[in-house]
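Below, in structure tokens: the form predicted alone, a single chain.
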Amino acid sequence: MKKAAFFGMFLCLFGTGTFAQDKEVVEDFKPSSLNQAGQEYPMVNSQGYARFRVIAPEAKSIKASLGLGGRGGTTLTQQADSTWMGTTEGPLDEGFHYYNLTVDGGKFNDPGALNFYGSTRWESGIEIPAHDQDFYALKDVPHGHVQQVLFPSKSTETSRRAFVYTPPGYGNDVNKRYPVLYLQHGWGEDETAWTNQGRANLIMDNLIAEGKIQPFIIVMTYGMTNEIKFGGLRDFDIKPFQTVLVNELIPYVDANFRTIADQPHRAMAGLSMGGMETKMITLNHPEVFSHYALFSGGIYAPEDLKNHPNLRLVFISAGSKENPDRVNTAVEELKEAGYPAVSYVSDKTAHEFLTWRRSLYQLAPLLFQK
């Protein structure tokens, strides 16, 4: 994948619902599931509209900006009680959205909402209930564990952090070993994104409880350098992170967790910038990974995979509001060339976490099949 092509795709950011209202707003608003404890606002309604309320009696202007980096916006107006309120001009895409408040020109988080790391800062988050949210819902099923680990990195002369998901029952049979998926976040996010915003652990728990997948371990680590600013991905050098992942993190995980430490039982996937990293590293190290997956992160072409004889799966996905034709065409070309390729297009979503939650849900049952 050419970096310039990836950059053009990457700029297709979160659907923010900034359309003119063309229907009456239903007044059945309820607090967002991502609110701080006891906070009533922000709210969402059954149509997908979001409503914000801010207590700032001395403010002169307030806007709620949605999407990575705060694109789009909803202007709040001061009420008779001196609070500020506003409703989005149209419904938002289902799923998770970042947002922040601009108060008199300054950028702030909403004190009513939980915070999530995105666009290299902590952003407020809001969740629009999805019609298919059951697959990532918190249910009464056996749950795996997500633990933080600190691993030594000689190449960066520091200790680095990763989060490791181990499936339910991991601690019960000390003789059982598991395949591993290395799962990367997007630009501006960090190793917390896939469990906080992406619900990766709940997706896995539910799939395992339903008997739809064989359990495996997921490893999530920080994959970007803060020297690369938004818009500068053309200059991204994969070598430092590739060294951390391949030469430092994988040996640490294999030494400290009960993995099946070989190429057939190791996969790599990533969303957006993490997809770019996945493509670069898997092409450079076909001896390390056997399953490759790009979520809104470009494509593979048949000529990319000529020297990958032990490749078991190529999975490429995107939202229907992104570049579905490119994804489907690429996978058809891979199939015609004899590669085990699968495409997935998330319906009515863009460059956003519901696309990637669904992508992981579709990918997981395809991994490590006998």
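As the structure is a prediction and not an experimental result, all values here were calculated from the model. Residue numbers run from 1 along the displayed sequence.
The form predicted in complex with a further copy of the same chain exists for this protein as well; it is not shown, and the discussion that follows is about that form.
J.: Taking any heavy atom pair closer than or equal to 4.5 Å as contact, tell me whether Glu58 reaches a further copy of the same chain in the model of the complex.
T.: Residue-level check for Glu58: yes, a contact with a further copy of the same chain.
J.: Contact between Ile299 and a further copy of the same chain in the model of the complex at 4.5 Å, heavy atoms?
T.: So Ile299 does not count as contacting a further copy of the same chain.
J.: Is Phe135 part of the interface with a further copy of the same chain in the model of the complex - any heavy atom within 4.5 Å?
T.: Close contact is absent here: in the model of the complex, Phe135 is far from a further copy of the same chain, nothing within 4.5 Å, heavy atoms only.
J.: Is Asp104 close enough to touch a further copy of the same chain in the model of the complex, meaning at least one heavy atom pair within 4.5 Å?
T.: Asp104: yes, in contact with a further copy of the same chain in the model of the complex.
J.: Looking at a further copy of the same chain in the model of the complex, is some heavy atom of each of Leu202, Tyr252 and Asn256 within 4.5 Å of it?
T.: Every listed residue reaches a further copy of the same chain in the model of the complex, so yes.
J.: Given a 4.5 Å cut-off on heavy atoms, tell me which of 234-242, 281-289, 260-268, 165-173 is the interface stretch with a further copy of the same chain in the model of the complex.
T.: Stretch with heavy atoms near the partner: 165-173.
J.: Please tell me which of Ile128, Val246, Val146, Ile213 lies within 4.5 Å of a further copy of the same chain in the model of the complex, judged by heavy atoms.
T.: Answer to the contact question: Val146.
J.: Only one of Asn109, Thr156, Thr75, Thr83 gets a heavy atom within 4.5 Å of a further copy of the same chain in the model of the complex. Which one?
T.: Of the candidates Asn109, Thr156, Thr75, Thr83, Asn109 is the one lying within 4.5 Å of a further copy of the same chain in the model of the complex.
J.: Heavy atom within 4.5 Å of a further copy of the same chain in the model of the complex: which residues of 309-338 meet that condition, in order?
T.: Contacting residues: none.
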